[in-house]
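Two forms, one chain: they're shown below as structure tokens, one block per form, named structure 1 and structure 2.
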Structure 1
């Protein structure tokens, strides 16, 4: 059985290596990007380069969208000459951008009206994961839509269906909230070690392999010890994520005290002018909070 014709919209830092994964797995990909050079670069890898999102989508069975934010996805999919309108009946739209939960559920509703399937499928794992096809892919939608998109998603990483439309974006928010709070607690632990007279680098080493070991303990902990905050993930984006996660929790009537406190710490960090530093720089805010030299 041959793979469906696939339109890929948004071939930037993440999208381009994701297209290459799909091409390697034998998908015929029509790529489009607003700055056309980024799509043209993929022609050498076997992609067809389309002149517009609408042209890329025309007659395709599957459309993947990897654009910068929710409004951009909505405009490209459903605006005048929108890509969704050009798909075959019964085709599937997969939005892999990180967008608000309610934008994803709105997309799902609009796709259903057009007779299209929809999955929200944001990713974690960064550019490296995109290159290696090892992205964690959190998928929201119906089991039928998931089945329809599974092979394409599996070409880019490890897709898991976590619930109905919007749930993939929700899982991404959960991820970002836990990342933020774990960074804060790692920072508190290393600060306690340092102020108590231990060598934080040695404490960092001693606790590896134990309960607190994690990519955040290893990578962000090391940045704190080295006082080296070149991003990585800038603190201002981390704040945007915790803001979105907490606003969504609030809309569900849910109070998350640790996340709320950590959001406040990131807010103070950004207010102090450290928004462009890596989110591990939260330890600087804890130092300020304690009137210690940064």
Structure 2
């Protein structure tokens, strides 16, 4: 089965392993990244490395964007020499970054004006999920656009169409609020075990298989026990997402007290200089809060 020509914009911590999943499934991928070396590293896996986002997208049937935030996606897609302007008529743009809901709906409108399809398809599962092709992919857009992008999305994980454009980003905000709150609770629990005189590693083992068990308990709990915070998901991006979620909740007239408290903890973590560490490093902030050694 032949696949459409695919441009992939943004080959960082998440993007690079996602590209490798697409290559394994037989896609011809033209990759571009603002830090060129990150894209060049994919040449050995079979990717073509483009000199610009516009060059990567030229004549492509499908463009996937995995950049850091909404303004960056907007500029790369629609700015001067924007990548969306170089696509084939009828091509599909899939933004897999975590961006505000209103930015996603604006992207959908702009793509429609250019005769392009659009999906917002943020992901959950971290670097490990990206490597394994097992990401949870929350998709907003039309059923027709979803069918157009389904095979590519399925190469990277499990895509589910959750509603019209913007709905994927809304689902990701739900995900990020729950992830952030769970990380905070796991950190508090392990800190309590440690200070109470139990072996946190044994408590971690004992609670597996019960109601507490989850990927966050297993993966991030282990990171906290090992003090290993090389980022899969940097804390500064977790803060970006909780801020976005709370702003969207406010626009709907909602107050989310737990999310607000957790957002404050991540804000303090980033302000303390730990923004580039994995979001599991929140336990460091709880130690600082309790005047304990980090």
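Positions refer to the first chain, counted from 1. Since the structure is predicted, the reported quantities are computational estimates derived from the model, not experimental observations. By rigid core we mean the largest C-alpha set that fits within 1.5 Å across both forms.
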{"query": "Of structures 1 and 2, the one that is the form predicted together with a further copy of the same chain", "finding": "1"}
{"query": "Hinge residue among 172, 130, 269, 220 (rigid parts rotating between the two structures)", "finding": "172"}
{"query": "Rigid hinge motion between the two structures - rotation in whole degrees", "finding": "20"}
{"query": "Inter-form CA displacement between the two structures at residue 253 - rigid core frame, Å", "finding": "3.5"}
{"query": "Rigid-core-superposed Cα shift at residue 200 between the two structures, Å", "finding": "9.3"}
